[in-house]
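Before any questions on binding or motion, here is one chain by itself as structure tokens, the form predicted alone.
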Amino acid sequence: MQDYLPTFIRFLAVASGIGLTMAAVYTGLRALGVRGEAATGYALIMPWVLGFLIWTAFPIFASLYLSFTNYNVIQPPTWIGLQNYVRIFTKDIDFWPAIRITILYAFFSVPLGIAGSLLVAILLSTNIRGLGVYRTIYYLPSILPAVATALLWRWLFNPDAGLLNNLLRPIFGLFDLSPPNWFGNPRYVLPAFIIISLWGIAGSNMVIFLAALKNVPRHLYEAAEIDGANAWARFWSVTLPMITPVIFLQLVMGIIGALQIFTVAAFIRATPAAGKFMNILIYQAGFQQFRMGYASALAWILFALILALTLLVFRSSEAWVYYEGARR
């Protein structure tokens, strides 16, 4: 019990501080003439605001400051201006290969993932026997730990004893070729990670598409059938336009997630000749080489890349996303 007493006291101190802050906010707002209901609301969101400022906003601005410094964790940071950024763009031999493989991975994996999720959702939206069982099976991958999934794929892609190469060996044998060394040959590293990304077809993305398909108004299909539209025409002219807001959401979230790939790449050691993903480069600079300033600069470059691509998708959405009730 004595071992936990200091932790318990600190917990009480933090909880009391938050409670006093909430009371001070409520009292201050009431003194300024704010209505009681509004003052209560502002006071109740204070714990979230404090958590955001301490655990999110402060680290963001701290990393921005550190990106302009030379900081090795042990010694205080030293201001060096833009030297980290200049070194990244001009001298870091790992940076441009990392940008290349990260963007190519997002370029191929995101559209394939969206198309695959939509196809699975369409198949599961039909009225077939045992549909609940199929939906449960297809959702299971989303609840598996990412590390376990990475280790599973590492075994599947093993060049000697992996299941995939054991299946491909007879086919390659017909042409007197050897199965690919997926993570040892730079030519196969990117295709291997793209294949692994298709694991995400089943899971939460599929469930979101399934809900979107169920919300497409039935009378639109009835009108299309009266006009003589076949199944493909109904999908192209009715289903696809009505679910474009969900496709837009999946596209934005997919780009953000793909550009930040880390767990699978960290547990599957591919040959460095193929390039490292940006998050792996940031992790190695910060937590293996203890160059936190340099790692912060890399992180802000990745942030700028994600922001640019996300804004591009947002700007293009006006041309292809349909919002019911929106003024055209």
Partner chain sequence: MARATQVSTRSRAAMLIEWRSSRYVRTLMVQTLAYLVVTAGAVVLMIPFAWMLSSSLKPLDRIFVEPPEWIPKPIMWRNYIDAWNALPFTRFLMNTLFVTLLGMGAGIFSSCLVAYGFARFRFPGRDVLFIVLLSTMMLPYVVTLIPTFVIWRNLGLINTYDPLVLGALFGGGPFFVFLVRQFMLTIPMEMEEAARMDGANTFQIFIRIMLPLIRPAMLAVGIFSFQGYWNDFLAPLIYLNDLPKYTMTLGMFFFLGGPNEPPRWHWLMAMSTVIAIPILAVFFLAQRYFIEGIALTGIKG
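Source: prediction; values computed, not measured. Residue numbers count along the first chain shown, from 1. Between two forms, the rigid core is the largest collection of C-alphas that superpose within 1.5 Å.
Only in words, not in the display: the form predicted together with the partner chain, which the text now covers.
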item: Heavy atom of each of 70, 89 and 242 within 4.5 Å of the partner chain in the predicted complex; value: no
item: Of 223, 115, 233, 163, the one that lies within 4.5 Å of the partner chain in the predicted complex (heavy atoms); value: 163
item: Among the candidates 103, 168, 256, 82, the residue which, in the predicted complex, approaches the partner chain to within 4.5 Å (heavy atoms); value: 256
item: Touches the partner chain in the predicted complex: residue 218 (any heavy atom, 4.5 Å); value: no
item: Contact test in the predicted complex: residue 138 vs the partner chain, heavy atoms, 4.5 Å; value: yes
item: Heavy atom of residue 183 within 4.5 Å of the partner chain in the predicted complex; value: no
item: Residue contact check: residue 96 to the partner chain in the predicted complex, 4.5 Å heavy atom; value: no
item: Stretch 15-48: residues contacting the partner chain in the predicted complex, 4.5 Å heavy atom cut-off; value: 15, 18, 22, 35, 37, 38, 40, 41, 42, 44, 45, 47, 48
item: Rigid core fit then residue 16 CA moved by 2 Å or more between the shown form and the other one; value: yes
